[in-house]
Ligand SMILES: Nc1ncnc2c1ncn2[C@@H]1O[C@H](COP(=O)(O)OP(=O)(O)OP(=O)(O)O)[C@@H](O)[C@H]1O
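Before any questions on binding or motion, here is one chain by itself as structure tokens, the form predicted on its own.
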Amino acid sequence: MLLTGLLDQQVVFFGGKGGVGKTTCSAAFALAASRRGRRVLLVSTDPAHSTADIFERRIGPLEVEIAPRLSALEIDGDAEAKHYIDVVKRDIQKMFSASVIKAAYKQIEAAAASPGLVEVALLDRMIELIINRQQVYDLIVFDTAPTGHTLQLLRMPEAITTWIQALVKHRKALLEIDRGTETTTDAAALADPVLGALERRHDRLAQLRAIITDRSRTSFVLVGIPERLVIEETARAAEMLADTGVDIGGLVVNRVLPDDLEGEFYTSRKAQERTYLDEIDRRFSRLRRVRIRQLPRDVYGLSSLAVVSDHLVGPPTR
């Protein structure tokens, strides 16, 4: 079964255990979509950033065209975290007095060193791309970091939404105390800059959540290889994605050994591989599955990527 049906999606994530070929598959899929007339943005959130290597050209944090109708960018988590802190500081300057700002800055600097900030900043960048670039691109393809990190990102909108709702409730209570009223009027809520900022962020998270859980718009493709540890991690990822509400568009089984080679080592590896391929077919029978043969050479450049594209979605129609 091919992944051809996913070419019509608006957002497609590629994820899996480190080193299984996520970048190759996401790049090949993005190239295939662009060659079928779709305007595509390929986004790397993996700190390793192999996208530039595979396309043999420089790719950075700004969108750059790498082929007709295909652009790409690489998100730097640390740079995004710094930008996120700078934006928060600017917002605070607009909202509070100088005495409050000084105390708030100390808390912000402490938060900047805390774990999780990079993930929050990455999520913010993803929101910006998915929501704000819909009019420019027909499809956004994400080449993601290893599975656990990516799943944490996809589960964050729900967790942060709950947190923001609690902050909104707390802020409204403070406004009621300040005004000596039992309820916060709509006019008072709109006039409060803190509440306004929280409400805007809540709306953006709700938009993102609606998009990534809409099976007609977003899918997640798992990439793996026929090995024991990878199969187990893929199974856990599939379960967590199902709990998150994200559609699993397919499973790419990468680096399958070619047939009809000779030698004791090959025969042994091939026998073990057949066992794992049978297990994959059994455990992931409900998923669309695509097998990609191990190619004789490394995949880089448009011509070799096109070979992988044909394995994923079939050759383009003329």
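All values derive from a computational prediction rather than experimental measurement. Residue indices: 1-based, along the sequence shown.
FYI, the form predicted in complex with the named molecule isn't displayed, but the following is about it.
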Please check if S34 has a heavy atom lying within 4.5 Å of any heavy atom of the named molecule in the predicted complex.
no
Closest heavy atom of G301 to the named molecule in the predicted complex, within 4.5 Å or not?
no
Using a 4.5 Å heavy atom cut-off, state whether L295 contacts the named molecule in the predicted complex.
yes
Just to confirm, R57 within 4.5 Å of the named molecule in the predicted complex by heavy atoms?
no
Per contact check vs the named molecule in the predicted complex (non-hydrogen atom within 4.5 angstroms), the hit among 59 to 67, 270 to 278, 249 to 257, 34 to 42 is 249 to 257
Triple contact flag A30, S71 and E74 to the named molecule in the predicted complex, non-hydrogen atom at 4.5 angstroms:
no
Partner contacts for 9 to 39, taking the named molecule in the predicted complex and a 4.5 Å heavy atom cut-off:
K17, G18, G19, V20, G21, K22, T23, T24
